[in-house]
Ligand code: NCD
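First comes one chain, alone, set out as C-alpha cells in the form predicted on its own.
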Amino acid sequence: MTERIETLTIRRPDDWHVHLRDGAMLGAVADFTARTFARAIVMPNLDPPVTTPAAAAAYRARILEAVPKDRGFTPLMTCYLMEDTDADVVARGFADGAFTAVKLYPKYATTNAAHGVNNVRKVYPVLERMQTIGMPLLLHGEVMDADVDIFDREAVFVDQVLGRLLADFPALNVVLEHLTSAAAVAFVRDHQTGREGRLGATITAHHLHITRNALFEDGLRPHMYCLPLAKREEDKRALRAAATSGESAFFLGTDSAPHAVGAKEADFGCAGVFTAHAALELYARAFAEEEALDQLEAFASLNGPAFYGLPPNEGRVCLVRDESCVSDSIGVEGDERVHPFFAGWPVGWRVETAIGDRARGTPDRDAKSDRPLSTT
C-alpha cells in the first residue's frame, strides 16, 4: 500500500469534450468548467447546431460572457458535421480559427443528433479535406442499427466503422470520444503503431465510477443515463487501466452534459451526466483508488495538448483531500435545476487553487440516493 497523498499539484488541465449548452443553462454551468480547466473543446449540438464559422464565433462570445474574465479560459469551438456540410466552409473556419475540430454524431445517437450523419460515405469529401489540412475529427462512436443491442453499439462501431475510416483516411487525426468499453480501449491501443499516434481517445469521469448497474439501483435512476451507456464491471476496469496508464492516446474529456431535472425525470428523458462541478476531483478520486495519482497530470494536462498540437498550460492547480458533500442541485430551483453527479456524497477531493496565465488556444497547424454510489 502506498502512502496516502493529501495534496497534489499538477499543470492546469484541459477538458477535451464538454457540453456548455446555451442561454440560461450556459450561464449556470460554464464557470464550473472555466474555473478549473484552461481550455475546453465545446460540443456543437445546440438547437440549431453550430455549422458555420459565424455561428461558432457567436457561440464562443456567449461562452466568454458567461465566465469571469480573470479565469483565463479558452473555449475551442467545433463544427457539427452534416451529410451536406460544405468542405470549403469547414476548411475556412479552421484556417480562421473559428473551428478547432469537426464533430460527427451518428443520426439520432444522442441529444440534438437529429441532423447527424446516417451514411458516413456521404461526408468523405469533408474528411478528405480535413485530412489534407490537419483538422481533427471527433467521433461519437456508436452505430444506430436497430438490430444492434444498445450496450454493444460502441463495440460494433469500432469493429465495423472506425477501422474502415482509419484505413480510408490514414492521415486523418481522429478522437474516439467518451470510451465506455474494453473493446474500444483495445482498439485504440492496437492502432497506435503505424499512424504516428493520430488516434486519440477521451475518457469521462463518470465512466470511471459507474457501471450499468447504477441505472437501476433501488429503481430507475435517470441521472445516471448517458450515451454511450455505462457498461460492465470489466469495461470500467479497462477504462481505469487506460486512463491511469500514462499512455499518450488517452486524455481527459468529461462529456459533462447538463440537463434540467424536468428534462431528465420525464418520459423520453434526456441523456447526459453533469460532472463539471467536480470534474477534476472525480478523476482524482478514481486515480487515487487505483494508486495512480502520479499519472493524473499526464492524463489531464499533457496528453490532450500533445494530440492537438498545443503547448501544456503554464498554470497549476492544487487538489486537496476534502470530505465535503456535493450539493443536491445546481442552478435555479424547481424542474430547471441540474442534478450533479455524486449529489449528496463526498468526492474526497477539492480544487483549492487554479493559478496561471491565459491558455494559448490555437493549435499548431504543422440524485441524492439513500446510500453512496456503488463504485465496484
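Start at 1 and count along the sequence shown; that's the residue number. Just so you know, these numbers come straight off a predicted model, no measurement behind them.
Beyond the structure shown, there is the form predicted in complex with N-carbamoyl-L-aspartate, which is absent from this document and is the topic of what follows.
Original post:
When you measure heavy atoms, are H140, D255 and A271 every one within 4.5 angstroms of N-carbamoyl-L-aspartate in the predicted complex?
Top reply: All three within 4.5 Å in the predicted complex.
Original post:
Can V126 be called a contact residue for N-carbamoyl-L-aspartate in the predicted complex at 4.5 Å between heavy atoms?
Top reply: Because no heavy atom of V126 falls inside 4.5 Å of N-carbamoyl-L-aspartate in the predicted complex, the answer is no.
Original post:
Within a 4.5 Å heavy atom cut-off, is T85 in contact with N-carbamoyl-L-aspartate in the predicted complex?
Top reply: Taking the distances in the predicted complex, the answer for T85 is no, it never comes within 4.5 Å of N-carbamoyl-L-aspartate.
Original post:
Does at least one non-hydrogen atom of H178 fall within 4.5 angstroms of N-carbamoyl-L-aspartate in the predicted complex?
Top reply: Yes, contact at 4.5 Å.
Original post:
Is there any non-hydrogen atom of N313 lying within 4.5 Å of N-carbamoyl-L-aspartate in the predicted complex?
Top reply: Because no heavy atom of N313 falls inside 4.5 Å of N-carbamoyl-L-aspartate in the predicted complex, the answer is no.
**OP:** Look at the stretches 67-75, 107-115, 239-247, 154-162 and give the one with heavy atoms within 4.5 Å of N-carbamoyl-L-aspartate in the predicted complex.
**Re:** This holds for exactly one stretch, 107-115.
Original post:
Of V188, L282, C226, M130, which residue is found within 4.5 angstroms of N-carbamoyl-L-aspartate in the predicted complex when only non-hydrogen atoms are counted?
Top reply: It is C226.
Subject >> Answer option from H209, H277, K231, H259, heavy atom within 4.5 Å of N-carbamoyl-L-aspartate in the predicted complex >> reply: None of the others qualify; the residue that does is H259.
Original post:
Of 14-48, which residues get within 4.5 Å of N-carbamoyl-L-aspartate in the predicted complex if you count heavy atoms?
Top reply: Those in contact are H17, H19, R21, N45.
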